[in-house]
Structure formats: structure tokens, C-alpha cells
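Coming up is one lone chain in C-alpha cells, specifically the form predicted alone.
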Amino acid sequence: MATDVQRNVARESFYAALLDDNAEKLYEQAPCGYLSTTPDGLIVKVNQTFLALTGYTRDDLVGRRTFADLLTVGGRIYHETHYAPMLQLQGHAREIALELVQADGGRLPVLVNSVLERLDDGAPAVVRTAVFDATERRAYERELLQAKRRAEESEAHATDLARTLQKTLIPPAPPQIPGLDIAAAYRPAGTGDEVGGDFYDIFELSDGSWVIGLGDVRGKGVQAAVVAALARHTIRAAAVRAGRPSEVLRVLNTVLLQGDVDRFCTSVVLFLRRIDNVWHAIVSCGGHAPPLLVRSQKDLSAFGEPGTLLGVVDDPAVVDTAVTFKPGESLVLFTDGVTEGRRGREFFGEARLEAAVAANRGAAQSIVDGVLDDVLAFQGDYPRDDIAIVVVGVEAATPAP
């Protein structure tokens, strides 16, 4: 009869054999490929999972091929220049993306983790490598790249459309009006290629009077440009029937409230009419800074009332303010990209605007250029908001010869 010692020895031997068998099965049937190579890359051991992934047999690989032999041309170059040196220096390499050339010539995307084991004296002994099938991950990455590319193309297309649309919001050049001196400028925010919501327009009515409209749609991008186009064309259409600027702004307010987009804007509309060789101006503002009336270098003042923001309430407070426009006098219309231009926490402000106008008083173009240059310089030539400026002045009478 077996003694207890003999039974314990037999039991330990059974479990040791079972564990060895399970360990071998785990190695062979692991969810990733395993292979062991000599320090110079010669394959000395490989598991069944790796063989199944690549289509090779053990006789094809063990003692015959190096790990680098199984890589694509680009992979072999990367192996020699990065992968192998990394192993020597760090003793490991993790999540290296490579492609294995399979037995049938196909390519298998894989992620590779390797560890370099050394002898007691520090000499390299064996490289153990785990190989993970990255086919689905690579396909997912390609889908992400394609989706990113499609999104970028769509965004670029939308931006091109918005820029094209925005060009229609800005007249190519102010019209030539006998007796008046007109100049204008528009500068988008940022580097100059962003799409914004500022607009201006100058056009003639059938009775010979002229209309200047200028405004600022809140926000940036395609939607702001669309609303700016809507506002500009609404001002044109409403001015044909309206007798006063305030009526134009009320029509614009109604259109914005009925629109599908949740946007509001500020706007200023100026009517100019010549009667008996004298220019008369009527201005109305909807939530917009009143124009600056320049009578002389020292006589500058706001002309009109700011009024109520458009596209917010049903009955905005907009009033008309009239003035007789004398030779040598000017009106400066501007969006808040001028006065609210920032340098840190400091605004350009009304005082700097008045100083720029006073310093460049004279021709309309001189005022526009001087104000724009000062605002851009104040912000380091990187405006945080769009800038639109329109200056209209009555030409001084030419003295008789």
C-alpha cells in the first residue's frame, strides 16, 4: 500500500505535468502571436497563433528566417533604423505598428511588443515578441481618416461658399456720387481669411437719393455670412418703399424674427438726399453705435441714437436723426470691430477713434486708411473681430477762377 508521502509525490507530479501542459497550451493557443528570436533576429520559437496569422509552418520559420525577413520593405527599414536600436537601448519596444508579409504574399497589419532578455553579464540573450492582429484597428483608423478628410472637404467647401457669399456683401468699390466723397474698407478678423458677419452697402434710389447700410451680425462662420446677406438684401428691398431709415430697420427686424436662424444683428441706415444743391442726411441705428459727425478737426460728435438690437424684440426702439450736410463735413460709419478692438483687456475705444479721425481729417479715403491702420496696429495686426468702415463727406466747393 502506497504511503502518504508516495501519494503526495504522485499528486504533485500530476499537477506539475498538468500545469506544464496548460502552460504549453496557453502559449500555443494564446490570443496573440508569440515568437522568440536570437539577438540578431533569427526565429527560434513560434506559437500556433502566429503560424495561423501568417500562414507559415514552423519548418518555414524556425532556424530559417529572421523576424525582419517577414516585414515589408518599409518595415525592414524601420526595424533596422528604429526598432532594433530601441530594443538594444531600452530593452523593450511597445505598440510598434508594422506589416507582416504572409505566406501567400498578403499583408497583415500588426502591433508588436518586444522584450530583450539579457544574461547575468548583460549580454543580450533572447528577444521575446508578442504580435497582435491589427486588421480591424487599421480599418477603423482608415475609416476615421476618411471621415476626417470628408469633414475637412465639406468644411472647406462650406467656407469657400461663405467667402463667395461674403464677397457679395462688400461692394468692389464705392460708387462715384457727384458732390460726395465716399470711401470704405472691410477687414475680416484674424489673419484676414475668416468668414464673418459684417457688411455694408451703398446704392441709389429711383428719386436720386442714396442709401448707406452698414451692419454686424453676431457670430462668425457660414451662418453669420448667410444672415448678413439676408440683412443686406432686406435693407435694399425695404429702402425702395420706406420713406425713412427707421422704417427700413423695422422691416429688417421683422425679417430676422421670422427667419429660421437664431441670429441678431446691429445696423445703421443712412439716407442722403440733395435738395437745392444742399445735402441732407437722415440716420437711424438699430443697436448700433451712431456714426461720428465730423464738422471740423475739433468738432466731432456722435450723430443719432443707438436704438434697439435687431432680431430680438417685436417693436424695436429706432429713431431718425436729421442733419444738413455742409461742404467739408463727414460722417464716419463703423462696426464694433473698431471701438471694441482689443489689446489684452484694453479696448481701442471711442477716444482713439476720434483721435484717428481728427489726425486724418480731409479726404474720405484718408480717414478710412488712418482709422483702419490705427485699429490694426493697436491689436498687433491681428483683429479679434471684423472691421467695416464707411466715410461719406460733402466735397468742398471749388473756388471760382
Partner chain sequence: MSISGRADGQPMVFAHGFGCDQQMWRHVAPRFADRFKIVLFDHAGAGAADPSAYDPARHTTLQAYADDVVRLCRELELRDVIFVGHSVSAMIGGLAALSAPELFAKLVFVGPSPRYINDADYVGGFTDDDIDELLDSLESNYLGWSSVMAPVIMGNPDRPQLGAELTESFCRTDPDIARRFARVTFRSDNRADLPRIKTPTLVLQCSNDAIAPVAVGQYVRDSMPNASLVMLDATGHCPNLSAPDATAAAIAAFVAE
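Positions refer to the first chain, counted from 1. Since the structure is predicted, the reported quantities are computational estimates derived from the model, not experimental observations.
One more form of this protein, predicted in complex with its partner chain, exists but is not displayed; see below.
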- [ ] Please determine, with the chain shown alone, which of 183 to 191, 91 to 99, 274 to 282, 298 to 306 has non-hydrogen atoms within 4.5 Å of its partner chain in the model of the complex.
- [x] 91 to 99
- [ ] Using the partner position in the model of the complex, report whether Glu80 sits within 4.5 Å of its partner chain, counting heavy atoms only.
- [x] yes
Task: is_contact(Glu346, its partner chain) in the model of the complex, heavy atom dist at most 4.5 Å - done: no
Open item on the list: I'd like to know whether Arg241 contacts its partner chain in the model of the complex, with contact meaning heavy atoms within 4.5 angstroms.
Closed with: no
- [ ] Decide whether Arg218 counts as a contact residue for its partner chain in the model of the complex under a heavy atom distance cut-off of 4.5 Å.
- [x] no
TODO: Have a look at Pro174, Pro290, Gly75, Pro316 for me and say which one sits with a heavy atom within 4.5 Å of its partner chain in the model of the complex.
DONE: Gly75
Task: its partner chain: the contacting residue among Val126, Val312, Ala103, Met86 in the model of the complex [heavy atom, 4.5 Å] - done: Met86
Task: its partner chain in the model of the complex - contacting residues of 105 to 121, heavy atom within 4.5 Å - done: Arg107
